Structures are given as C-alpha cells and as structure tokens.
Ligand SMILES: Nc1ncnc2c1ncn2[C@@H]1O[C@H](COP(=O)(O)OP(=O)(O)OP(=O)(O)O)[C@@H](O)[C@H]1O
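Before any questions on binding or motion, here is one chain by itself as structure tokens, the form predicted on its own.
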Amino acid sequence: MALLELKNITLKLDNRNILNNLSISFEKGRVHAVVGPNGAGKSTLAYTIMGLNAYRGFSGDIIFKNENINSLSIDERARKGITLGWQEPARFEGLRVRDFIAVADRKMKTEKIKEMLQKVGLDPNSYFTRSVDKTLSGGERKKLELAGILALEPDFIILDEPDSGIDIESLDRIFEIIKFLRSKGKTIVLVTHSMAVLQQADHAFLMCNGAIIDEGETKAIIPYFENKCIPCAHKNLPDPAENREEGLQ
C-alpha cells in the first residue's frame, strides 16, 4: 500500500525542467532508495515532497495518506508526518541540543531527550546542553538530526545523502537507526550516491534527467553503480554537458 505518491510532477527552475512528468510511489513500511547521477533531480524530488518554498511551483499531485497535500506548507506537512534529514544539517548558534531535539514538543521530558541521544550514540552528559553550532562535527550534527527525527516519530522520513561528511563508525550507527525505524513500520527514503547506503534499502528507484527510468529490488539496481551511468539509448539520457565524472563514488 502506497503511503506517499507523486503523480505526473513537472517542476521548472531557472527555465529548465528539473522534474519531468515524474510519477513515483513509496510503499508503507519499506526502505526505499533513490539513486542516479548528479543533476538527475534526486534532492529536488526530496525538497518538493517536503514543500520547500522554492519547489512549490510544480504541476501534478502529491498524495499522502490518500490526501492531496500540494497546498500544505512545510510545517503542515511535518505535522502530517513527513520529515527530511538534510544532506548538510543546519547549525543553530545559541540553540541547545536539548531544545533542538524537543523543537516539536516543548514539553518533552528530559528522559526522552537523553534516550534519543543515546540511541544515536551521543553521550547525554556531554551533549545535552551543548550548542548546535560550528563546534559540532558533520557526523555529530547528522546524529543530532536523527535524534530529532526519532523524537518526532514521523511516518515518512527522507534522508538526503545520509553518509555525507561522516566517518564509518557514524555511518554504522545511522544504518542501525534505519533498521530501528523500519522495525517500527516507518517508511524511509534514502537519497544516495553510495553503494553502502543503497544496500540498506529493500527497494530502489533509478532516476535520470528528472524522471524515474527503472525500479525494483535493490539488487536489480546495483549494476547501475557498477556501470557508472554509462551512455545508453534511453529517452532520459542525461544531458551530455553534465559532468558525469562527479557521479557515484
């Protein structure tokens, strides 16, 4: 059963179609991956689902839990149960970790905040009163963002490049959290360039030039990584001007 669907989504930015009549369906309780070369529109897809202001001028429909959410703001979509983990988590000078995790529930108990920190591998005694600022590494901010997501308990979670800027130990912790969220029946979308991240999914979409060109079990999409998006005859062949040397690593 689909939890979230995009139907015939077309989005133009700077006079260029970034999403091209794209249709995609995410089944409830599964871990999905969205892969493709740089410039394919993967992050744009994530931002459109989340409802960022610059990505709202699309045609088509976004359906969440059988409801059209085209007109809903970011906050309204979040309250419906959709959340996005950014490729580069934000810094908030002056905001304490405890307040960052409890942003959606100011009455959240200290015990729950500390539990979320422990789940993502951060010592509550060291992080509870720290600021979410430049003193935190990229891996620490990724973990804090995941702690906030765990506290929110959303139904639909998008993680944009979850392995970006983190070490192997932190990545293993993130993989554990993905498994935990899946065990709770959450629907997760991994936007990724990474084979290791792809392998955490049980279903994958291959995206190219703003459209979905293939989908299936993860193992069916793996050859794409091996071939590095070699030239093909598909109608959605990437623009040859694109620098595909920045493709999957």
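What you see is a predicted model, and the numbers here were worked out from it, not measured in a lab. Counting begins at 1, following the sequence as shown.
A second form of this protein, the form predicted in complex with the named molecule, is not displayed here; the remarks below concern that form.
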**Item:** Heavy atom distance at most 4.5 Å to the named molecule in the predicted complex, all of Gly29, Gln200 and His203
**Value:** no
**Asked** Taking the named molecule in the predicted complex as the reference, which of Gln118, Gln87, Ser137, Ser131 has a non-hydrogen atom within 4.5 Å?
**Response** Gln87
**Message:** I'd like to know whether Asn70 contacts the named molecule in the predicted complex, with contact meaning heavy atoms within 4.5 angstroms.
**Reply:** no
**Request:** Mark Ile24 yes when one of its heavy atoms lies within 4.5 Å of a heavy atom of the named molecule in the predicted complex, and no otherwise.
**Result:** no
**Prompt:** Does at least one non-hydrogen atom of Ala40 fall within 4.5 angstroms of the named molecule in the predicted complex?
**Reply:** yes
**Message:** Please determine whether Asp163 contacts the named molecule in the predicted complex, using a 4.5 Å cut-off between heavy atoms.
**Reply:** no
**Request:** Tell me the stretch among 62-70, 216-224, 180-188, 41-49 that has any heavy atom within 4.5 angstroms of the named molecule in the predicted complex.
**Result:** 41-49
**Complete:** Contact check, 5-26 vs the named molecule in the predicted complex, heavy atom within 4.5 Å, ordered by sequence, gives Leu13, Asp14, Arg16, Ile18
